[in-house]
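First, one chain by itself: the form predicted alone, in structure tokens.
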């Protein structure tokens, strides 16, 4: 059974609002800065990319690794976080 971090549970447990990109599970300060430099400064902007990729977690993890230099674990954690958020709120 997979366990999730407190950061993941906090994000998935409430509306996204205007949260920073670093509120996403798997995205820390360094990856957050790289994403911000490309215009992905808020969690909802990254969610937009996830939705543009039709909630395909594999395509999203590939995009996130290319866009930010995230490793597979970080990208997978972020994708799972967004998928669970979508399941709860969309």
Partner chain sequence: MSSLRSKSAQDISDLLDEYGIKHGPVVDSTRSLYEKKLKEAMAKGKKGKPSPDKTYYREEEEEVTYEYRTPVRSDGAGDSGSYMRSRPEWSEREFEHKTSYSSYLRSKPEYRGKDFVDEPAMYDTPYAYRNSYLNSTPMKSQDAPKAPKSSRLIPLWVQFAFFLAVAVFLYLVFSSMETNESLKGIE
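Computed from a predicted structure; not experimentally measured. Residue numbers count along the first chain shown, from 1.
One more form of this protein exists, namely the form predicted in complex with its partner chain; it is left out here, but the text below deals with it.
Novice: Flag residue 65 as yes or no: does it have a non-hydrogen atom within 4.5 angstroms of any non-hydrogen atom of its partner chain in the model of the complex?
Specialist: Yes, residue 65 lies within 4.5 Å of its partner chain in the model of the complex.
Novice: Does its partner chain get within 4.5 angstroms of any non-hydrogen atom of residue 52 in the model of the complex?
Specialist: Looking in the model of the complex, residue contacts with its partner chain include residue 52, since a heavy atom lies within 4.5 Å.
Novice: Indicate whether its partner chain has at least one heavy atom within 4.5 Å of a heavy atom of residue 29 in the model of the complex.
Specialist: Flag for residue 29 set to no.
Novice: Does residue 41 make contact with its partner chain in the model of the complex, using a 4.5 Å heavy atom cut-off?
Specialist: No.
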